[in-house]
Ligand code: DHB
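Next up is one chain by itself, shown in C-alpha coordinates, the form predicted on its own.
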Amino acid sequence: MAKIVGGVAVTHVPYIGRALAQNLQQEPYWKPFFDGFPPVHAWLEQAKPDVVVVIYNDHGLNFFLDKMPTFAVGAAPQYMNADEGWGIPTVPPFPGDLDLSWRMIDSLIEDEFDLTTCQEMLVDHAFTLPIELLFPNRIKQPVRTVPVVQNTVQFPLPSAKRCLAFGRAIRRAIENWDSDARVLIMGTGGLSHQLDGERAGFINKPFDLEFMEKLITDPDWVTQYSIADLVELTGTQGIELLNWLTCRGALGDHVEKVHANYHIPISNTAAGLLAMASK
(Lines give C-alpha, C1' and ligand atoms only; values in the text may rest on other atoms or scores of the structure.)
Protein backbone atom coordinates (compact mmCIF):
# COMPACT_ATOMS: atom_id res chain seq x y z
CA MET A 1 0.00 0.00 0.00
CA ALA A 2 1.01 3.62 -0.45
CA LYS A 3 2.75 5.36 2.45
CA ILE A 4 2.11 8.90 3.67
CA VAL A 5 5.54 10.15 4.71
CA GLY A 6 4.31 13.39 6.27
CA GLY A 7 3.00 16.81 5.49
CA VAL A 8 4.09 20.40 5.01
CA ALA A 9 1.92 23.45 5.64
CA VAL A 10 3.21 26.66 4.12
CA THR A 11 2.10 30.12 3.06
CA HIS A 12 1.46 30.91 -0.61
CA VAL A 13 1.88 34.70 -0.68
CA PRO A 14 2.02 35.73 -4.38
CA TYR A 15 4.88 38.18 -3.78
CA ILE A 16 7.16 35.20 -3.07
CA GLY A 17 7.14 34.61 -6.82
CA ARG A 18 8.93 37.89 -7.42
CA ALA A 19 11.53 37.07 -4.77
CA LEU A 20 12.23 33.74 -6.48
CA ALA A 21 12.34 35.27 -9.95
CA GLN A 22 14.73 38.04 -8.88
CA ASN A 23 16.90 35.91 -6.53
CA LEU A 24 16.08 38.04 -3.50
CA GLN A 25 16.28 35.20 -0.99
CA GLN A 26 19.18 36.77 0.94
CA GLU A 27 17.77 40.28 1.02
CA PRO A 28 16.98 41.42 4.61
CA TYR A 29 13.24 41.53 3.89
CA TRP A 30 13.18 37.94 2.62
CA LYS A 31 16.01 36.15 4.44
CA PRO A 32 14.08 35.26 7.65
CA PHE A 33 11.43 33.62 5.50
CA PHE A 34 13.69 31.67 3.15
CA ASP A 35 16.00 30.58 5.98
CA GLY A 36 13.20 28.33 7.18
CA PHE A 37 13.39 26.01 4.18
CA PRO A 38 16.81 24.25 4.22
CA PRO A 39 15.85 21.93 7.14
CA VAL A 40 12.69 20.96 5.29
CA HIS A 41 14.64 20.36 2.07
CA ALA A 42 16.97 18.06 4.01
CA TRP A 43 14.03 16.13 5.45
CA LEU A 44 12.37 15.77 2.04
CA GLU A 45 15.62 14.41 0.61
CA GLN A 46 15.34 11.62 3.19
CA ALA A 47 11.57 11.13 2.92
CA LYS A 48 11.74 10.93 -0.91
CA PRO A 49 8.07 11.53 -1.79
CA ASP A 50 6.93 10.39 -5.22
CA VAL A 51 3.58 12.20 -5.15
CA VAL A 52 2.40 15.44 -3.53
CA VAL A 53 -1.27 15.99 -2.71
CA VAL A 54 -1.65 19.78 -2.60
CA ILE A 55 -4.58 21.19 -0.60
CA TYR A 56 -5.13 24.85 -1.45
CA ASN A 57 -7.72 27.43 -2.49
CA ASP A 58 -8.27 28.57 -6.06
CA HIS A 59 -8.11 32.35 -6.62
CA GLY A 60 -10.64 32.66 -9.46
CA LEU A 61 -8.60 30.71 -12.00
CA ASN A 62 -10.90 27.69 -12.27
CA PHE A 63 -13.83 28.80 -10.10
CA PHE A 64 -15.22 32.28 -9.62
CA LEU A 65 -17.80 33.61 -7.17
CA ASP A 66 -20.73 32.48 -9.32
CA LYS A 67 -19.60 28.83 -9.24
CA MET A 68 -17.63 27.83 -6.14
CA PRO A 69 -17.41 24.12 -5.19
CA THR A 70 -16.70 23.31 -1.58
CA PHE A 71 -14.20 20.61 -2.56
CA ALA A 72 -12.65 19.82 -5.95
CA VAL A 73 -10.03 17.25 -6.99
CA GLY A 74 -7.87 17.41 -10.10
CA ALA A 75 -7.73 14.37 -12.34
CA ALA A 76 -5.57 15.53 -15.23
CA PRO A 77 -2.31 14.16 -16.65
CA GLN A 78 -0.63 17.52 -16.06
CA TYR A 79 -1.35 20.97 -14.64
CA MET A 80 -0.31 24.23 -16.27
CA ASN A 81 0.64 27.37 -14.36
CA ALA A 82 -1.64 30.28 -15.29
CA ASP A 83 -1.17 32.69 -12.41
CA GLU A 84 -2.05 36.39 -12.16
CA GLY A 85 1.55 37.38 -12.79
CA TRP A 86 3.45 38.26 -9.61
CA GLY A 87 6.96 37.64 -10.82
CA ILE A 88 7.25 33.85 -10.87
CA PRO A 89 8.72 32.87 -14.23
CA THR A 90 6.92 30.54 -16.57
CA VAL A 91 7.45 27.04 -15.24
CA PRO A 92 7.10 23.63 -16.90
CA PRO A 93 3.83 21.74 -16.36
CA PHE A 94 3.34 19.86 -13.12
CA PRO A 95 2.79 16.16 -13.83
CA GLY A 96 -0.36 14.62 -12.38
CA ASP A 97 -0.97 11.17 -10.94
CA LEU A 98 -4.20 9.98 -12.53
CA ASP A 99 -4.23 6.70 -10.64
CA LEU A 100 -4.14 8.40 -7.24
CA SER A 101 -6.57 11.13 -8.36
CA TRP A 102 -9.24 8.60 -9.24
CA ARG A 103 -8.53 6.48 -6.18
CA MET A 104 -9.11 9.57 -4.04
CA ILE A 105 -12.21 10.68 -5.97
CA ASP A 106 -13.87 7.25 -5.71
CA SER A 107 -13.00 6.88 -2.03
CA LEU A 108 -14.03 10.40 -1.02
CA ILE A 109 -17.40 10.04 -2.72
CA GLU A 110 -17.88 6.72 -0.96
CA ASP A 111 -17.17 8.63 2.25
CA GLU A 112 -20.04 11.00 1.31
CA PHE A 113 -17.98 14.02 0.27
CA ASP A 114 -19.58 15.65 -2.76
CA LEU A 115 -16.76 16.63 -5.10
CA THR A 116 -16.22 18.54 -8.28
CA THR A 117 -13.99 16.36 -10.46
CA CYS A 118 -11.71 18.33 -12.78
CA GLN A 119 -10.23 16.47 -15.73
CA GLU A 120 -8.73 19.78 -16.83
CA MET A 121 -7.35 22.21 -14.25
CA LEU A 122 -5.08 25.25 -14.24
CA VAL A 123 -3.02 26.03 -11.15
CA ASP A 124 -2.14 29.37 -9.58
CA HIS A 125 0.33 30.64 -6.99
CA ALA A 126 -1.37 28.70 -4.18
CA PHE A 127 -0.19 25.50 -5.88
CA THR A 128 2.91 26.52 -7.82
CA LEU A 129 4.80 28.59 -5.24
CA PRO A 130 4.77 26.00 -2.42
CA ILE A 131 6.01 23.31 -4.80
CA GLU A 132 8.75 25.61 -6.10
CA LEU A 133 9.73 26.42 -2.50
CA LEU A 134 9.84 22.81 -1.33
CA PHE A 135 11.19 21.15 -4.47
CA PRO A 136 13.72 23.56 -6.02
CA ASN A 137 15.18 20.66 -8.06
CA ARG A 138 11.82 19.34 -9.25
CA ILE A 139 12.82 19.46 -12.93
CA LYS A 140 15.71 17.05 -12.32
CA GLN A 141 13.86 15.17 -9.57
CA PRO A 142 10.19 15.37 -10.58
CA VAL A 143 7.28 14.62 -8.30
CA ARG A 144 3.75 13.84 -9.40
CA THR A 145 0.89 15.94 -8.06
CA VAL A 146 -2.80 15.82 -7.16
CA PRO A 147 -4.48 19.23 -6.67
CA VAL A 148 -7.24 19.40 -4.05
CA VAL A 149 -9.13 22.70 -3.92
CA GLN A 150 -11.10 23.84 -0.89
CA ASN A 151 -13.40 26.85 -0.77
CA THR A 152 -11.95 29.46 1.58
CA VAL A 153 -13.21 32.33 -0.59
CA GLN A 154 -17.00 32.48 -0.86
CA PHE A 155 -19.42 31.92 2.01
CA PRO A 156 -20.66 29.48 3.12
CA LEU A 157 -17.31 27.80 3.86
CA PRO A 158 -16.76 24.25 5.13
CA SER A 159 -16.36 24.17 8.90
CA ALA A 160 -13.09 23.33 10.61
CA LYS A 161 -14.65 20.03 11.68
CA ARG A 162 -15.60 19.23 8.09
CA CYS A 163 -12.12 20.07 6.78
CA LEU A 164 -10.47 17.89 9.41
CA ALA A 165 -12.80 15.03 8.47
CA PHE A 166 -12.02 15.63 4.79
CA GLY A 167 -8.31 15.29 5.53
CA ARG A 168 -8.90 12.04 7.40
CA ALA A 169 -10.90 10.74 4.44
CA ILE A 170 -8.01 11.64 2.13
CA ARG A 171 -5.76 9.57 4.36
CA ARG A 172 -8.05 6.55 4.09
CA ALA A 173 -8.10 6.89 0.31
CA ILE A 174 -4.31 6.97 0.09
CA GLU A 175 -3.82 4.11 2.52
CA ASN A 176 -6.12 1.97 0.36
CA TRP A 177 -4.30 2.88 -2.85
CA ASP A 178 -2.62 -0.18 -4.34
CA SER A 179 0.78 1.40 -4.91
CA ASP A 180 4.22 1.51 -3.36
CA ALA A 181 4.36 5.29 -3.79
CA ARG A 182 5.49 7.61 -1.02
CA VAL A 183 3.03 10.48 -0.61
CA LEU A 184 3.50 13.95 0.86
CA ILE A 185 0.49 16.01 1.90
CA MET A 186 0.76 19.79 1.51
CA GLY A 187 -1.58 22.46 2.84
CA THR A 188 -1.03 26.01 1.59
CA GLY A 189 -2.15 29.49 2.56
CA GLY A 190 -2.26 31.81 5.55
CA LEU A 191 -1.55 32.33 8.24
CA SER A 192 -3.36 35.36 9.67
CA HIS A 193 -3.85 38.19 7.22
CA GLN A 194 -6.47 40.54 5.86
CA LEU A 195 -5.79 42.35 2.62
CA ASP A 196 -8.68 44.81 2.49
CA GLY A 197 -11.38 46.51 4.50
CA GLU A 198 -11.20 48.16 7.92
CA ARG A 199 -8.83 45.49 9.27
CA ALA A 200 -6.41 45.51 6.34
CA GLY A 201 -2.98 44.52 7.63
CA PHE A 202 -4.40 42.51 10.55
CA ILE A 203 -2.05 39.83 11.95
CA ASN A 204 -2.64 37.72 15.07
CA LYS A 205 0.72 36.24 16.04
CA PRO A 206 -0.41 34.65 19.37
CA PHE A 207 -3.21 32.72 17.67
CA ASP A 208 -0.99 31.72 14.72
CA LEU A 209 1.63 30.22 17.03
CA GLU A 210 -0.98 28.43 19.14
CA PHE A 211 -2.62 27.07 16.00
CA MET A 212 0.71 25.73 14.73
CA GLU A 213 1.39 24.03 18.05
CA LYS A 214 -2.11 22.54 18.29
CA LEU A 215 -1.79 21.11 14.78
CA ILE A 216 0.97 18.92 16.19
CA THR A 217 -0.59 17.98 19.51
CA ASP A 218 -4.37 18.33 19.20
CA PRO A 219 -5.81 19.26 15.77
CA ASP A 220 -9.37 18.78 17.04
CA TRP A 221 -8.78 21.89 19.17
CA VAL A 222 -9.42 24.03 16.10
CA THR A 223 -12.94 22.62 15.67
CA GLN A 224 -14.19 24.56 18.71
CA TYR A 225 -14.17 27.68 16.50
CA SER A 226 -16.85 28.55 13.99
CA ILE A 227 -15.91 30.03 10.62
CA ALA A 228 -16.97 33.45 11.93
CA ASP A 229 -14.69 32.94 14.95
CA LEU A 230 -11.74 32.02 12.74
CA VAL A 231 -12.26 35.02 10.46
CA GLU A 232 -12.35 37.24 13.53
CA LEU A 233 -9.16 35.63 14.89
CA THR A 234 -7.17 35.46 11.66
CA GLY A 235 -8.62 37.91 9.15
CA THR A 236 -10.67 37.38 6.03
CA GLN A 237 -7.86 35.69 4.09
CA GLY A 238 -6.44 34.04 7.21
CA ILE A 239 -9.26 31.51 6.92
CA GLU A 240 -6.91 29.75 4.48
CA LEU A 241 -5.63 27.97 7.58
CA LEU A 242 -8.41 25.47 6.83
CA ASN A 243 -6.03 24.09 4.18
CA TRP A 244 -3.45 23.47 6.90
CA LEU A 245 -6.09 21.69 8.98
CA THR A 246 -7.10 19.37 6.13
CA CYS A 247 -3.43 18.57 5.56
CA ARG A 248 -3.06 17.69 9.24
CA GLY A 249 -6.14 15.48 9.14
CA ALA A 250 -4.51 13.40 6.40
CA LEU A 251 -1.50 12.64 8.58
CA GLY A 252 -3.16 10.44 11.19
CA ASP A 253 -3.46 10.70 14.95
CA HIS A 254 0.18 11.34 15.76
CA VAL A 255 2.89 13.31 14.01
CA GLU A 256 6.38 14.49 14.83
CA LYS A 257 7.37 18.10 14.21
CA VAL A 258 10.27 18.22 11.78
CA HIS A 259 10.69 21.99 11.56
CA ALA A 260 8.69 25.19 11.97
CA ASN A 261 9.26 28.79 10.95
CA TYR A 262 7.16 31.90 11.47
CA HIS A 263 7.93 35.35 10.12
CA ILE A 264 5.95 38.59 9.90
CA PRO A 265 5.16 40.26 7.70
CA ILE A 266 5.58 39.14 4.11
CA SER A 267 3.27 41.31 2.04
CA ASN A 268 1.01 41.99 5.06
CA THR A 269 0.79 38.26 5.79
CA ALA A 270 1.98 36.09 8.65
CA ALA A 271 4.18 33.60 6.80
CA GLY A 272 4.22 30.17 8.40
CA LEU A 273 6.01 26.91 7.60
CA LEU A 274 5.38 23.63 9.42
CA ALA A 275 6.80 20.25 8.40
CA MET A 276 5.42 17.12 10.08
CA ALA A 277 6.52 13.51 9.80
CA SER A 278 3.93 10.74 10.04
CA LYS A 279 4.43 8.36 12.95
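All values derive from a computational prediction rather than experimental measurement. All residue numbers are counted from 1 along the displayed sequence.
Below: the form predicted together with the named molecule, not depicted.
Put simply, residue 13 is close to the named molecule in the model of the complex: some heavy atom of it is within 4.5 Å. Contact annotation for residue 41: none of its heavy atoms lies within 4.5 Å of the named molecule in the model of the complex. Proximity of residue 266 to the named molecule in the model of the complex: non-hydrogen atoms within 4.5 Å are present. The closest non-hydrogen atom of residue 125 lies within 4.5 Å of the named molecule in the model of the complex.
The contact residue chosen from 195, 72, 143, 209 relative to the named molecule in the model of the complex is 195, the criterion being a non-hydrogen atom within 4.5 angstroms. Just one listed stretch, out of 167 to 175, 94 to 102, 187 to 195, 74 to 82, contacts the named molecule in the model of the complex at the 4.5 Å heavy atom level, and that stretch is 187 to 195. Contact annotation for 219 to 240: a single residue, 240, has a non-hydrogen atom within 4.5 angstroms of the named molecule in the model of the complex.
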